[in-house]
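Form predicted on its own, single chain, as structure tokens, below.
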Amino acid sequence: MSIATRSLPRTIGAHAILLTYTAIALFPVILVIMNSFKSRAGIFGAPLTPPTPKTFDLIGYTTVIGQGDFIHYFQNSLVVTVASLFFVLLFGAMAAFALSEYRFRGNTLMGLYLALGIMIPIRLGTVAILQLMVASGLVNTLTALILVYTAQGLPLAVFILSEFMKQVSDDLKNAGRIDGLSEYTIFFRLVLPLVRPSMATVAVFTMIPIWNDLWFPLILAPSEETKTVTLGAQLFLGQFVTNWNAILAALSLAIMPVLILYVIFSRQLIRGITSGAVK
């Protein structure tokens, strides 16, 4: 029996497991998007079936666009997410470059200290963070959310990027130094282009918790001017009556940026995850 013949059952089994996991992961997303195009009777009458001419209704989307200020909430989420990603990638990459390139006393301890941020949830410090934001006058501002999300994403960014930057050839960096390039030029022109897959990986894993977060927007920025998409969707939740059409439509619109980001960076994301798995 050939190697290809022996490996065929394993390949089929692996694909079956991956397809099953994909179906389980996509089922809630498909269910939300599918039911967002139904009437209320269609949602409760046949939630697992696609919309039909009888149940098709855009009342959810018209309610979201017409009631409240969903476009403004969307813009707030976009500003917070983009700004947080920029600072996480910039400062995370610079810290990772310093930890991987320079040897100094406390280098290892510094890396372990930053790694603690991955193991300790930032929500444990909510009270202290709120007190700090009140003292700084940053409550009900997008700046407060950007600062918190930047601090939240930096440990993972440093942990991932430092491992990738250690793989960058020392000969390349030393050649740049011989040519008279500054450390900043080496970092931005030589190192960063080579770790783009890992940057995409960090961006995706950092964006999803930020975009979907409800905890810190509710505590630090609950005003109408600073509400995010997830917090704005709570407008349609009532104590006695809930507008499920509007909630499902709002969630469907909120899902779109994450899906678009994944489609754009999917190749870089896969390269970043699998890099180093095969030598």
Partner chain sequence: MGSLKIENVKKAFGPVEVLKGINLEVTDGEFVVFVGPSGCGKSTLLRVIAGLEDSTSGRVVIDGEDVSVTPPAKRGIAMVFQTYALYPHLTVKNNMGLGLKQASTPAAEIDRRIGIASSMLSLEPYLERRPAELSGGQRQRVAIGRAVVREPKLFLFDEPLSNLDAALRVNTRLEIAQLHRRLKATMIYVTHDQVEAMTLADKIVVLNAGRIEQIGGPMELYNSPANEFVAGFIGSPKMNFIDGARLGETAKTIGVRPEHLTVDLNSGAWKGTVVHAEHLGADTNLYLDCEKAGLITVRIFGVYNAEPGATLYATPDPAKTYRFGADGKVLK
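Computed from a predicted model, the values in this text were never measured in an experiment. Residue numbers count along the first chain shown, from 1.
Form predicted together with the partner chain: not shown, discussed below.
- Proximity to the partner chain in the predicted complex holds for all of 177, 180 and 194, with the criterion being a heavy atom within 4.5 Å.
- Judged by heavy atoms within 4.5 Å of the partner chain in the predicted complex, the contact stretch among the candidates 163-171, 92-100, 197-205, 119-127 is 163-171.
- Of the residues 190, 139, 79, 110, just one reaches the partner chain in the predicted complex with a heavy atom at 4.5 Å or closer; this is 190.
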